[in-house]
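To begin, one chain is listed below as structure tokens, in the form predicted on its own.
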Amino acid sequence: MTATAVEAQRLQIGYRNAGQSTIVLSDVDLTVPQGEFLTILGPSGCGKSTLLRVVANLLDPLGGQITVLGDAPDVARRARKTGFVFQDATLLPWRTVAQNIRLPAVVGGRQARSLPDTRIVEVMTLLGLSGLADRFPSQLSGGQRQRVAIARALIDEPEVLLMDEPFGALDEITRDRLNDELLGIWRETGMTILFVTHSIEEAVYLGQRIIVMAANPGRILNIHDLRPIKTGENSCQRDNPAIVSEIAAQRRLLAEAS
């Protein structure tokens, strides 16, 4: 029986301000098995990013229950079992590629030198960054900067990787290339990935399952299994008629959710 990476029951997500609660997402029931690639699609304001923040323990839920790898989200965060990649690479411009990748060791209260150089080399090789260790962010392309951000999130070997529109600002060709590279990393590491995107094509291409969320109020509208139209390695051709048909179906569903 497959273990569970994320389990949510009647989860209420939102914000408290001056004693008042604003609900962003309500009644979330979700089970994500370990090792799954789950894509999350929905209109702006439906709570996609907010859901990731609760899983990452960047935001406390207003109600309901959530566990990450069987523990409370804060336990998984402190054990460095979760990693987060944002849309903006958020690299420190005065630090080199290698120094940016080492950053979690510094922020986490460890000495950067406690992170072996071999681990830095390993993640840089995995992300196609070999030879760029001494470059600064200003010397990198957009795709390279995002690779560094992913490498930084992977440095502690998280079991759950949370990605909030990481390729949204990139051109289509670069995004497609990074999609394929990300699938390769997922297959090699076996980690669980929760991936938020506004791109229907990207959501269908990457995901084993896809969540479509609706706004006003924010909620999960549909969870659809994409594995029947893909190979066992979650592989497909972008121009496969079954994939094209699925993209059209998800576009119709997303129109209802907006």
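The first residue of the shown sequence is 1; numbering continues from there. Just so we're clear, the structure is a prediction, and the values are computed from it rather than from any experiment.
Although it is not shown, the form predicted together with a small molecule is what the next lines describe.
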Exercise. Answer with yes or no whether residue 240 is in contact with the small molecule in the predicted complex, where contact means some heavy atom within 4.5 Å.
Key: no
Quiz item: Applying a 4.5 Å heavy atom distance criterion, does residue 45 contact the small molecule in the predicted complex?
Solution: yes
Quiz item: With a 4.5 Å heavy atom cut-off, would you call residue 235 a contact of the small molecule in the predicted complex?
Solution: no
Quiz item: Would residue 208 count as touching the small molecule in the predicted complex under a 4.5 Å heavy atom rule?
Solution: no
Quiz item: Judged by heavy atoms and a 4.5 Å cut-off, are 81, 156 and 183 together in contact with the small molecule in the predicted complex?
Solution: no
Quiz item: Of these, 200-208, 221-229, 47-55, 186-194, which stretch puts a heavy atom within 4.5 angstroms of the small molecule in the predicted complex?
Solution: 47-55
